[in-house]
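Here are two versions of the same chain, shown separately as structure tokens and labelled structure 1 and structure 2.
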Structure 1
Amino acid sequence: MGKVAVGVAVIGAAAVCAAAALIVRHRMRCSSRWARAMAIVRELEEKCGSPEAKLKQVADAMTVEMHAGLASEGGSKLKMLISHVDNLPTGDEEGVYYALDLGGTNFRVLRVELGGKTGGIVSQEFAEASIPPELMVGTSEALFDYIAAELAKFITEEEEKYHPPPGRQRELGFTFSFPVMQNSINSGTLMRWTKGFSIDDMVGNDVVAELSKAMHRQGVDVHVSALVNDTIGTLAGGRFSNKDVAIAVIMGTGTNAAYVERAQAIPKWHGPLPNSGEMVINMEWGNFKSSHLPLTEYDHALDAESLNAGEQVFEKLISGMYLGEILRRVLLRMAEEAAFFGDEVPPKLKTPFVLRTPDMSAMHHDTSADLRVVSNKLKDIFEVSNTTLKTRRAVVELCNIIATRGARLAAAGIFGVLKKMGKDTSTGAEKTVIAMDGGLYEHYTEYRKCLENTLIELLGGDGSSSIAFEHSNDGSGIGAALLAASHSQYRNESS
């Protein structure tokens, strides 16, 4: 019996040792997986690094590309499009003006009443409508007849006090958010359709002429005073409320910037110099590219798999369309190489663009002790349950790395524009205000704070006191109506 007891004891001890060894091995495996995951995080942090010296190189490259784009068509990755807007609103405009905003599958009709020097925007009203899918692939006549009919309906229903005096036409600003070669303030040729539209007979034709013909067919007597894009509308809206606004930046799903340039500093401008001596330039800065941009393997892969590989590189680093997707790609690598979410890679993690930037923002802003928002987002989006607090903290750190790089690069871009304008150093009492719009800027607080603080850092003590940010809302609507006012066919008549 003694031998049996000893044998059982030996077997029991061996089992305990084996179990202990398994636990140790499991812990070692977990520890090594975690070390691998953290190595991926540290590598990303290093490659996304944006020290002040690098940002100043990016800003200098932006300034160089701006000069090249102004010198000749096709001279730079920056298109530096001449907007033909040479009269921004002054705040003195008065009267009733309209806007049509066609940005995609929805469009809006707006009416804005302006009260002159002291009145500001007295009233505004809008109606929204969807474009029926069949009109997105039909004929230009059918599309513009539908839009003109909605405008006619809006005007028919308005109060008599908004009717124009005898002998005057209503005036309208047209925001048309598709690629257009602008020929004058109120004419432009459609280069190509995007956003699901495909109306072949419209490409190469003047969009304002098509709209005007449709309004005539619908019996609507309205003059299109300005054809604009939303960035220039944002600049106009900002200038109307603050005469120091000289730059507009959209930080939303996409990104763009526009600014006021001296007409004499535009070599490719061959027309007569405007009376104002100024011209608004639509930079199309999303297409900026430089060897100084801190690109990672995730950025290269995202770009290669995109519909416009090699294009819009700056936009793919800083805008709302892409920040969440970059995060997804990092998390996927961590899941594949470091079992970050367990032994199985969550299938949904492999779906491109399943993680949207608003979800990334919500995780980044999670201040709860157990990071409950992060836990819920991982569960809702990727069907990953039971994450550890350590894992959730790592996700927040990744959000911070990716958003910080984007915000700091956006600030470097603005600094480059300020340098081109000669406004990167303090000039006494003169102030420069940057009108900002877009959901990313408006709703992603950490991103916004980082962008603004980085610009202050780049400007240094002297310059930062002369620069300010202002949120300018609805450039594509109100901004377009304001540009119709500042380019009114009646603006030179004495009131």
Structure 2
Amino acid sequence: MGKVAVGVAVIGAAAVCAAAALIVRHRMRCSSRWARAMAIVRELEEKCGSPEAKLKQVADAMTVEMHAGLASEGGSKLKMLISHVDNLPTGDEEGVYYALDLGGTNFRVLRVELGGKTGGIVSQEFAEASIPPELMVGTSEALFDYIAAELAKFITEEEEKYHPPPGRQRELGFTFSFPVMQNSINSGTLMRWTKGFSIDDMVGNDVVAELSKAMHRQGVDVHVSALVNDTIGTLAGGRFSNKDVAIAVIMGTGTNAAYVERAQAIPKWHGPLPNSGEMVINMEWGNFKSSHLPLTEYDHALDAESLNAGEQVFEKLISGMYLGEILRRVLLRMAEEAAFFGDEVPPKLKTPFVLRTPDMSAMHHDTSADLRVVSNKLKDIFEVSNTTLKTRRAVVELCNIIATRGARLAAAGIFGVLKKMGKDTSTGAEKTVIAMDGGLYEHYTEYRKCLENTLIELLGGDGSSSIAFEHSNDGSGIGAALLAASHSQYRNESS
């Protein structure tokens, strides 16, 4: 072989070696990035762990806080608010009543026609509008004017047969799903906002007075007979259709629970003992906090950067407003530290709340072989294309870890309430039905299944046979109308 030929061969061999070295280095970098990404997943999984023993500690802590919150005002992070509802609907309610339902991104106006003892719900009609985001952080006047205007429109458009007889006012139940210190069944002051609402001039004011002023400004003559939380409305609506309903839980944008308590077990209640001997309590459990909660660095950061830092810690772990945001935060860390989506961190991944829980749910439920839904969501939301199947699988795994923790903790909360009520071990014929509502419960199937199975796990064989879940679809609006009926200003007159 001539010198030239040898030289060419050597250069060629060197080039091949260099290319091979590059490939090896690239592969090594990829595999070490992947290992780093997986380490983040495993760490999350470990920190989110919620074995049965831990859930029982959470449930016990919930029970302890319930006692403390009932003992004195401010005695616990759990407000255990007295709803002033000491009688739930009986089914005898009769007449035409209205409800306004404000508590999240949507707002509803309802009219319910109640047929009395045998008539049940004769008819119902509703209109829905979404709350423009700027109204969630504006002034109370702007928010309430918007609501009153929707009510005015609804009433103007309705048939004449629904017009009240001369000398009578229309009556409504106002479902206002934020923490309110009730002074009576139809008055109460807002304690603070949750779920992304933040209207400072409203805090400390009477919610019904603000609504009444706005209705006056809009020329609407309607009397507010009942002010209720959505959990109380759901409990009332649930009881109307099933007499065994004793607890209501909302799993939606926010989360909360209400239940029927013995009036004598409420030391902070100084009013007269109700004839029923019972009082419905709005727990405001979203604000529950305990050292047993499996919190991660993502939860701490989410909380610190939220509009209500330090508040609603339980809500931030389990409710619909936050699950997608937790997932976004984990993905961002994986993108930054492990180049999970390639060399560049996708800019969209840095936008808070860009990943909504319904999108997370869609990815979690993707059953296609190539995880097409996950691929499309990553493209549409974060503008990340060409993800590998392995990457998409990891995303589904993250959805599962985050949703499972939320659902299991929600079940532990319910178990705590059942314990407080002494219904965690009941066997016999006595049934306790839990009225459930909220978009998370309704639409996130894996979450719902996990929540229900975990409660069965916690109750054990015997206990679980006497507990049942019931989806109370839109019960809170109907419940508010029912409570408006039972607290009508005309209830002692013959109609």
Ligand code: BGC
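Residues are numbered by position in structure 1's sequence, first residue being 1. Nothing here was measured: the structure is a model prediction, and the numbers come from that model. In this text, the rigid core denotes the largest set of C-alpha atoms whose superposition between the two forms falls within 1.5 Å.
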| property | result |
| --- | --- |
| Form selected (criterion: the form predicted alone) | 1 |
| Where one rigid part turns on another between the two structures: hinge among Gly252, Asp474, Ile199, Asn205 | Asp474 |
| Size of the rotation between the two structures [smaller rigid part against larger, C-alpha superposition, degrees] | 22 |
| Rigid core fit between the two structures: Cα deviation of Gly219 in angstrom | 8.9 |
| Angstrom shift of the Cα atom of Tyr98 between the two structures (superposition on rigid core) | 2.8 |
